[in-house]
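This document starts with one chain, in the form predicted alone, laid out as structure tokens.
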């Protein structure tokens, strides 16, 4: 006895493939590769004090560039106020930072014009010092041996000198009040720390595999230094440069305050403070206050930027 069994029809292939996502529905994961500077900028943006410092420095530089054009300072042009007040006048709506004693110049005009010279000295002398320190540190760290010993002993001799006293003497006898010569003097005495830092980086990097590979294929030493080692040692140089700027601005203010710096006809924050010294007993507090605040804000801002750069280039910090 046969029993009829009904077979179900096979499932069409279309019903099976409907559950599989089509090629158009596939998702692609894109990975963005960031270089060292992009990673550093990402870390730097998370440092809030460094961003504030960057904004302050940008404002100071813009003021130093545009301000003297709008408010030119001429030493030979003596203002004629309506009322002569020997001790000067305190801040008012007409003079937001007050007037100096004696010639009664506008303090705000002096501070704005002084920003150009002070910042110019700070950044230009930093560039000279970093250039000298990078060259000498690169040669000492890469060549080694007798050259390294000679250059490092030179650094030791320079660091053993009373640098501030030497700068005072050099500014007095060679500077002659010239801004350019003061920049050269400050740059000539601000390279030692950078040279030691660059040397230590070169001593570490020159033994790595990519440097040995470059030597093996016959790459010249000059190309190895400037194309392979120096870019990898550049980040600590940037951090050191920011600290040199702050130190040179303070040193210039100190030297000019003692009367050994820039000629008073070219106002700087330092010689503005020096000129205000004799009027402080007369109650003129606003004259030294505002250039002093400008120095403090600038140095703090540069130090904040230096802290942010140090964290940004630190490989152990999180991105």
Partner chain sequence: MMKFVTRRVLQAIPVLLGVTVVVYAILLAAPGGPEAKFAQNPRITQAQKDSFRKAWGLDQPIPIQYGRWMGILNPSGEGLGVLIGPAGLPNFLPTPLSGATNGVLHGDFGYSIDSGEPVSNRIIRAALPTFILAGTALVLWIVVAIVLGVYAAIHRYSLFDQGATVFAYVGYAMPTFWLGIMLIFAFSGPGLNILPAGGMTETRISPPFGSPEYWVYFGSNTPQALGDIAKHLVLPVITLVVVNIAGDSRFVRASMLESLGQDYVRTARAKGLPARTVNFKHALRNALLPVVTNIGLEIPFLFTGAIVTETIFSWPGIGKLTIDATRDFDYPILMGVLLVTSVMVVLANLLADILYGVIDPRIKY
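Fair warning: this is a prediction, and the values are worked out from it, not measured in the lab. Positions refer to the first chain, counted from 1.
Although not depicted, the form predicted together with its partner chain is the subject of the following passage.
Taking 250, 258 and 293 as the candidate spot, are all three within 4.5 angstroms of its partner chain in the predicted bound form by heavy atoms?
-> Per the other structure, all of 250, 258 and 293 touch its partner chain.
Interface membership of residue 169, its partner chain in the predicted bound form, 4.5 Å heavy atom rule | Residue 169: contacts its partner chain in the predicted bound form.
Tell me, yes or no, whether residue 66 is in contact with its partner chain in the predicted bound form, where a contact means a heavy atom of each within 4.5 Å.
-> Answer no; every heavy atom of residue 66 is more than 4.5 Å from its partner chain in the predicted bound form.
Might residue 160 be said to contact its partner chain in the predicted bound form, defining contact as any heavy atom within 4.5 Å?
-> Yes, contact at 4.5 Å.
Should residue 44 be counted as a contact of its partner chain in the predicted bound form, where contact means heavy atoms within 4.5 Å?
-> Looking in the predicted bound form, residue contacts with its partner chain do not include residue 44, since no heavy atom lies within 4.5 Å.
Tell me which of 152-160, 206-214, 104-112, 126-134 has residues with heavy atoms within 4.5 angstroms of its partner chain in the predicted bound form?
-> So the stretch in question is 152-160.
Which residue among 57, 289, 51, 39 has a heavy atom within 4.5 angstroms of its partner chain in the predicted bound form?
-> Residue within 4.5 Å of the partner: 289.
Quick one: name the residues from 294-310 with any non-hydrogen atom within 4.5 angstroms of its partner chain in the predicted bound form.
-> Heavy-atom contacts to its partner chain in the predicted bound form: 295, 296, 299, 300, 303, 304, 307.
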